[in-house]
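Single chain ahead, written as structure tokens, the form predicted alone.
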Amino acid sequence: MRSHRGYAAFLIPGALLSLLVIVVPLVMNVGISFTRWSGVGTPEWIGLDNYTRLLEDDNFRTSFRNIVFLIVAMAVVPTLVGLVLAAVLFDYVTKQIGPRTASALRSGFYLPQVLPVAVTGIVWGWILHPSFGALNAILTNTGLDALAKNWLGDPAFALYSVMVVMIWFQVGYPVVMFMSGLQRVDPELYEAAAIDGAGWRRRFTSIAIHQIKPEIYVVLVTTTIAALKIFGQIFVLTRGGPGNATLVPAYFAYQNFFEKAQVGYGSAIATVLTLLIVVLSVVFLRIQARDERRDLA
């Protein structure tokens, strides 16, 4: 026990940073959520009025309805597509074409993750522009001009357009994670299954997916949290519009913080969002722990 005490000193800087950057702002945000405050002057204590107001706010409900669609676009679809792409790169491209090609393709899929959000948002804004956008130009030049739309300006298509952009943005992360997980699967398991007559699909679903469950849980947790917190892409692409078609909780909180100077109400939105993220994280972790115990039993 005494030999480990010396390591405590190395934890102090990280603990202090976490306290200053995470804990203190979080506690302050929760406290402000019980007040009416414009950001200047003295906050006025109003108790649970901001939270009562949230329950009656159509915009708040709309933002959480939209976030369900974005969870599908940023967590569910990229996880499924990432599994397929990782399997193709690992089992086919690596073996038939070469590991360098597989690495190059993996890097290409992951590239959107390292590009600045502002850059990707501006580029996609150009692509989806109704007048001079590349997508509508391609549709028009190929005789499909009837399909050309105001992709980000029409409430009927704006959210789905953002979902497509987020699938493109997010899919590289699961590919990298799953390819890393597939590398630790024992090849002898595949060989034994092949001897027993199992095809590639059966080997993938019964062996590979089972072996990379930890990576799947990590991807689902992190991408779901990222979807709940999404702000930058919405800010650059649509600013929550048209109307409230792409409004999300993080941007709704931003509007109340900075555009409407309703800091107390914005803090209440942020507090509810934080609580939801914590609850979902705990649920995911408990499901993962339960599955691991069942596998060990």
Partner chain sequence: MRRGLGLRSAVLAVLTVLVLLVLAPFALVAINAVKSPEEYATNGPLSLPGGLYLRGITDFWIRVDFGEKLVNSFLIAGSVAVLAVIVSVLNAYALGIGRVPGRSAFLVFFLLANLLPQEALVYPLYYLSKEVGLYNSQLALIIIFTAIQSAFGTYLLSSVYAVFPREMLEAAAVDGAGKVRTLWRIVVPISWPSLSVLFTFFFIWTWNEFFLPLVFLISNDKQTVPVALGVLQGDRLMDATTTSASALLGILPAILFFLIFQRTLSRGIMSGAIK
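Positions refer to the first chain, counted from 1. Quantities reported herein were computed from a predicted structural model and do not represent experimental measurements. Under this definition, the rigid core comprises the largest set of C-alpha atoms superposing within 1.5 Å between the forms.
A second form of this protein, the form predicted in complex with the partner chain, is not displayed here; the remarks below concern that form.
At the 4.5 Å threshold, heavy atoms of residue 17 reach the partner chain in the model of the complex. Contact check for residue 108: a heavy atom falls within 4.5 Å of the partner chain in the model of the complex. In the model of the complex, the partner chain lies farther than 4.5 Å from every heavy atom of residue 62. Within 4.5 Å of any heavy atom of the partner chain in the model of the complex lies no heavy atom of residue 245. Just one of 164, 189, 225, 209 comes within 4.5 Å of the partner chain in the model of the complex, counting any heavy atom, and that one is 225. This chain lacks the partner; the member of 185, 137, 220, 159 within 4.5 angstroms of the partner chain in the model of the complex by a non-hydrogen atom is 137. The candidate spot formed by 13, 28 and 229 is fully in contact with the partner chain in the model of the complex: every one of the three has a heavy atom within 4.5 Å. This chain is displayed without the partner chain, yet in the model of the complex the stretch 90 to 98 from 90 to 98, 144 to 152, 194 to 202, 67 to 75 comes within 4.5 Å of it by heavy atoms. Contacts to the partner chain in the model of the complex (heavy atom within 4.5 Å) from stretch 268 to 285: 270, 273, 274, 277, 278, 281, 285. Once both forms are fitted on their core, the CA shift for residue 274 between the shown form and the other one remains under 2 Å.
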